[in-house]
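So this first bit is one chain, no partners, the form predicted on its own, shown in structure tokens.
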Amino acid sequence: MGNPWIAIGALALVGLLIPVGMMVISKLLRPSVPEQGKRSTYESGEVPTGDTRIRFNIQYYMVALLFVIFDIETVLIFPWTVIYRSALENGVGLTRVLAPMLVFVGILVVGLGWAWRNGAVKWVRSPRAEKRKDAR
């Protein structure tokens, strides 16, 4: 039998040649009609206004990042909960079954505490909301 790397190399080559070939053929066959309208920014049918470089609040990123972390936690905890009862019934000790998950959740709780302490989960209040709070 031949070298298995030849098959892997051939697969990689085909995986690259097919998309590149499709793009080249598309570039050669498509009609080219340059217009000013094609170069403008498309905003879902709306006329674009203002600068495209808008500064977003970092809190959106932080909330999304925390969501991804705890969403992955749910994905990792679910299989453990499925096998928990059968592991206990097979005679594996409670400590041996529960300890790895407690360590995992403990690390996540420490990370959430760190994020909370550093203000990652505290939403920035607008100046108008601060004025209303001070007026009370």
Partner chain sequence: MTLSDTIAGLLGLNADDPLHFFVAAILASAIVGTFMLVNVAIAGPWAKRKITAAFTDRIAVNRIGPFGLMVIVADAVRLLSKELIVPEKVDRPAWDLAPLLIAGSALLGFAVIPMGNGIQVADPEVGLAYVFAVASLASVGLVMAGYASNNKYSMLGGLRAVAQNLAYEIPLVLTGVSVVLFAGTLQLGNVDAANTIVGAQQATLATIGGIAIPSWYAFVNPFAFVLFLVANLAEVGRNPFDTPEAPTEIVAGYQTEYSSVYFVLMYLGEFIHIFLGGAIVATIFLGGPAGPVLPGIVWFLIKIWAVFLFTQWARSALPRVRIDQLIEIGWKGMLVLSFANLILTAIIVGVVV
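Rigid core here is just the name for the largest C-alpha set that superposes within 1.5 Å across the two forms. Numbering follows the first chain given and starts at 1. All figures in this text were calculated on a predicted structure; none of them were measured in a lab.
Omitted from view is the form predicted together with its partner chain, to which the following refers.
At a distance threshold of 4.5 angstroms between non-hydrogen atoms, residue 127 is out of contact with its partner chain in the predicted complex. Shown alone here, residue 30 lies within 4.5 Å of its partner chain in the predicted complex, counting heavy atoms only.
At least one heavy atom of residue 38 is located within 4.5 Å of its partner chain in the predicted complex. With a 4.5 Å cutoff on heavy atoms, residue 50 counts as touching its partner chain in the predicted complex. Heavy atoms closer than or equal to 4.5 Å to its partner chain in the predicted complex belong, across 5 to 34, to the residues 5, 6, 7, 8, 9, 10, 11, 12, 13, 14, 15, 16, 18, 19, 20, 22, 23, 25, 26, 29, 30, 31, 32, 33, 34, ordered by sequence position. Core-superposed comparison between this form and the one not shown: CA of residue 79 displaced by less than 2 Å.
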